[in-house]
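Next up is one chain by itself, shown in structure tokens, the form predicted on its own.
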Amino acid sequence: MAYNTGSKALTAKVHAMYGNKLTQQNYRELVRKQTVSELASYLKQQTAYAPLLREVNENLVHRGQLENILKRDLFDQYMKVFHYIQRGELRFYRFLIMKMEIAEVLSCIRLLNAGRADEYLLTLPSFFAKHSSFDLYELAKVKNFDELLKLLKPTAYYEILKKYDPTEGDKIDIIKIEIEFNKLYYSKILDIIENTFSGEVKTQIRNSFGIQIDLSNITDIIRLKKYFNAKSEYIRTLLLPYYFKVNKNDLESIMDAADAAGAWQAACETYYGRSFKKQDYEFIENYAQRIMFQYHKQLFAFTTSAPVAVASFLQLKDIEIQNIIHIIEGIRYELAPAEISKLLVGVET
């Protein structure tokens, strides 16, 4: 059975939630803060982030702690919609859970590779612990790859991880693991979309995730050529094997370019060319985010379908959180407000 419109109550709920987004004035004030404490104080006193920061001493909060709080806000917004979800759509709405699980496993692996496994407990998102398919507190006790495998054996991640069991003394191949995790994530979500929705709703939700895939592939190709002078044979093994607005031939043309500048020119001939042209490939990640923002802002404004509204809302909320993190990074590196503003997406400061 295909579900298409979802609950009108849920659609209304997410539109009301989006009404709490940061305003242009909020951003103008935030980019002018000179310390993380000043930024945290403003968020606490002047924005919808206040409830999460109520118990936080803004004079003592550090960058990592604040970023964790922002990620919690995204998850809290996500959890608010669960009371309204139709039973047949529940599998679809778990896409954020899987995305967060993957992020936590990768975080653990990075720390294992760095010999700092004990530090995972310091960043463990306790708010997410009871929703994960594995025990995050047990993940914090993992000291080596064998223990990680044992913990994740009942999960969908085990079959991927066991292929990358390192020989003694070697680092875990996190790059290949991350690639395969992403392939797993998108294969599952696309399969759920195919079997849960129909008609225009299916098209809109597939496009939402499809644009992510297209832009991820284009961005990865250009970065690999720019920083590693990578050849197409190698790049091909790293890409997501799905095609939406960019077909296989388009992607091959981008991969076969001699360098990053050539890849950028080829990308400018694709569906996304109108957004890319007259820009500089140095900032490909920023342009990709801008495309995502414009697509989901328009989709969110006009949809009457709850699943479409939720998917778009979470994308827009994630972009807002990334904007705040960019501001935090700008403060860290003592950038001028005008320079920080260039990093923000969907904002005119």
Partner chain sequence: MAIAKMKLVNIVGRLKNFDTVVRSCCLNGDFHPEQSSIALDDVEEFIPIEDFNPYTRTLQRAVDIGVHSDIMLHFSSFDKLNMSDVELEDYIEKTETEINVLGGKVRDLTHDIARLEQGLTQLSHIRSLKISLDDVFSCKFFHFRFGRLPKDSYPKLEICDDSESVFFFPLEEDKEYYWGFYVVLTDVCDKIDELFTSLYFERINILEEAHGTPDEAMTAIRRTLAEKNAVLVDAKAEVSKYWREHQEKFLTAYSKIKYLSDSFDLRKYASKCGDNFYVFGWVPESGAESFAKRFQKLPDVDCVLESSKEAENVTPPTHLINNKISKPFEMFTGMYGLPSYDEIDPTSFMAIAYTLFFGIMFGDLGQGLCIFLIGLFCKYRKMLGAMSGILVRIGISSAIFGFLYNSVFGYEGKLPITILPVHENKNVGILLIAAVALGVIIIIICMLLNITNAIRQKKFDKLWFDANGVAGLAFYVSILVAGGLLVGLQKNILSPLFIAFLIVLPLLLIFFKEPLMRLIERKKEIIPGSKPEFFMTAFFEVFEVLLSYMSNTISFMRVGAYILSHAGMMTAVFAIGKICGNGNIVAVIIGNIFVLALEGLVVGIQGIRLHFYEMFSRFYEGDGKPYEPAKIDY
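Numbering follows the first chain given and starts at 1. What you are looking at is a predicted structure, and each value in this text was computed from that prediction instead of being measured.
In what follows, reference is made to the form predicted in complex with the partner chain, a form of this protein that is not presented.
Participant: Pick from 314-322, 66-74, 290-298, 32-40: which stretch has a heavy atom within 4.5 Å of the partner chain in the model of the complex?
Facilitator: That would be 66-74.
Participant: Report yes if any heavy atom of Lys231 sits within 4.5 Å of a heavy atom of the partner chain in the model of the complex; otherwise report no.
Facilitator: Lys231: no, not in contact with the partner chain in the model of the complex.
Participant: Quick one: does Asn57 come within 4.5 Å of the partner chain in the model of the complex, counting heavy atoms only?
Facilitator: Looking in the model of the complex, residue contacts with the partner chain include Asn57, since a heavy atom lies within 4.5 Å.
Participant: Could you tell me if Leu122 has a non-hydrogen atom within 4.5 Å of the partner chain in the model of the complex?
Facilitator: The answer is yes: Leu122 has a heavy atom within 4.5 Å of the partner chain.
Participant: So, Asp191 and the partner chain: in the model of the complex, are they within 4.5 Å at any heavy atom pair?
Facilitator: Flag for Asp191 set to no.
Participant: Here the chain is shown alone; which of Glu200, Asp118, Asp170, Glu159 has a heavy atom within 4.5 Å of the partner chain in the model of the complex?
Facilitator: None of the others qualify; the residue that does is Asp118.
Participant: Since exactly one of Tyr243, Phe82, Tyr271, Tyr137 fits, which has a heavy atom within 4.5 Å of the partner chain in the model of the complex?
Facilitator: Here the answer is residue option Tyr137.
Participant: What residues of 183-212, in sequence order, lie within 4.5 Å of the partner chain in the model of the complex by heavy atom?
Facilitator: Counting only heavy atoms within 4.5 Å of the partner chain in the model of the complex, no residue of 183-212 makes contact.
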